[in-house]
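One chain is shown next in structure tokens, namely the form predicted alone.
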């Protein structure tokens, strides 16, 4: 059943295509100017450029006229940029960079504003200002995106960030004291009660030292359940907890939904417990962790784990409450079942009834039945691994296997009973049918078609394709290599986001657009219907503090500006409005500590003012209504001109002032 919202969009796209055909037939003789300046009709231009009918369809599907808005918005991780990127679809226009873990001067993040948020991610007193963002997760209500929050992990440093989608700004960064890497994050439970953060490479919990020779005894895996307080808009660390796991390398996770709500599924690699050491004659990691024919799918009873945590059956490690592995086994919180070798993705079908796992070294996707998992657990009689974790019989929980091609990785879903899986080695995306009741029993569990992509696809993202109600209109292939897709700008090549039309039945898949992406290596993305987002055009009131999302008591109103001194502490209170800062002169002395508040009193949309002071590292973006306070020590005497960095009016260049610092 296609949702009404999607039906309307499909009809709109179809109407646009029909209009294009009518224009081709009826208005073809009308002359237009070509890029070369000659007067030719559009068919001639298409012929000269070698464009096919398929090319023209792609152009119509993606063309977004000036002033028209995209129906979908994609939130993509920024990889080693440490940020997140917001992209409109189907135009594939970059709409916003969200500064997350890394300072960003245009937004003033880390250059006078945002320091408090960034400091939340410092590790053991060490300042950390870089990251490797991997998996964004939009907040959900009843398993559907609600457009309120988005979360993202830092794989490199084991951190989680919270972003408020009212103003698209980062509000909180939390550091996991147990672990330094987290690939299995972030994923949310269906009502965003918890944010799931799985680990990656095994290590001693709390990052203590232990020799690799004691790997099996001292090294452990981890999964953390961060409690999210919606009213506060923050992770509540006092209500969060973790679970100790065996020292397999936990990879990606997903939360159950609908029938499987309350359960969490994570895959793993290195059930071999390999520790590498090629320099000592041991098998290299890539060989050592790939010897077993299967690894272990982790099946976690989150609801039961919450009760164990609330009962106090935990130990404290570096301030975090942890359910020990033995306690997890004793309380039936953790089960394993074999999964294909070297898996890299576990994805829950829209109904929550099937769990799809891909093994990079297996040409199939393996589909598990949640009901069969529950029945097998109820039946009992398990074998266990060496740590005592029960292993569910593979044949008892298996629903189907579908052969798709080489290197299957990640799966997304459509509303029509189709699933889509990326094939890394084939450089393709496969469409296949879920052959169960409620999906496509008429097609069975079978491969429908494949479409080539350029090249080496990792994650894919479909429109709301990992929710209980996928939209099924577009899919983006996040390709690792671009090779020959774009003009060369040197040896460092961009990633390639390819937009694919999945709105037609059967084998009718089409690549619509190639988008070069140069802001790091995006790993994963989620795509939300734009009508679910309700971002503010301006802050609700003048004097707004974006961190507290309320009026700041220190905000400056017009008529209260000025400079005051209390010993060596100087307070500057300033307003900004087109095209003027008040005051225009600030005179202080070397050695002073300066606390400076600027309030943008504008109420017009897009009337942003910037503020920059050379040498002292201040570069701010002050949106309409916003109030920002920053501090610095006046260590260098001299004359420093500040100015508005956002071209805000005809007299923008005149919007400036002088900071004079007298020598001591």
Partner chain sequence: MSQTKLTAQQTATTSSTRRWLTWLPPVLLIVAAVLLIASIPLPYWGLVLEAPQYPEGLEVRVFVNEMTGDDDPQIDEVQEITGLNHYIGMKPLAEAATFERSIAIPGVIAMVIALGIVAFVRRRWVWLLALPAAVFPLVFLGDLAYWLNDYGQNLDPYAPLSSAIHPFTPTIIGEGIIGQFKTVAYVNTGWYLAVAAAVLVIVALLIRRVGGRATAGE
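Positions refer to the first chain, counted from 1. This one's a predicted model, so the numbers in the text were calculated from it and none came from an experiment.
Omitted from view is the form predicted in complex with its partner chain, to which the following refers.
Engineer: Exactly one residue in 589, 148, 454, 579 has a non-hydrogen atom within 4.5 Å of its partner chain in the predicted complex; which is it?
Structural biologist: So the residue touching its partner chain in the predicted complex, by this definition, is 579.
Engineer: Which of 537, 531, 507, 214 has a heavy atom within 4.5 Å of its partner chain in the predicted complex?
Structural biologist: Of the listed residues, the single hit is 537.
Engineer: Can you work out whether residue 645 and its partner chain are in contact in the predicted complex, taking contact to mean some heavy atom pair no more than 4.5 Å apart?
Structural biologist: No, no contact at 4.5 Å.
Engineer: Even though its partner chain is not shown here, does residue 59 get within 4.5 Å of it in the predicted complex, heavy atoms only?
Structural biologist: Residue 59 lies outside the contact set for its partner chain.
Engineer: At the 4.5 Å heavy atom threshold, is residue 604 in contact with its partner chain in the predicted complex?
Structural biologist: Judged by the heavy-atom cut-off of 4.5 Å, residue 604 is in contact with its partner chain in the predicted complex.
Engineer: Spell out, yes or no, whether the shortest heavy atom distance between residue 651 and its partner chain in the predicted complex is within 4.5 Å.
Structural biologist: Within the cut-off, so yes.
Engineer: Within 4.5 Å, heavy atoms only, one stretch in 595-603, 626-634, 59-67, 46-54 touches its partner chain in the predicted complex. Which?
Structural biologist: Of the stretches listed, the one contacting the partner is 595-603.
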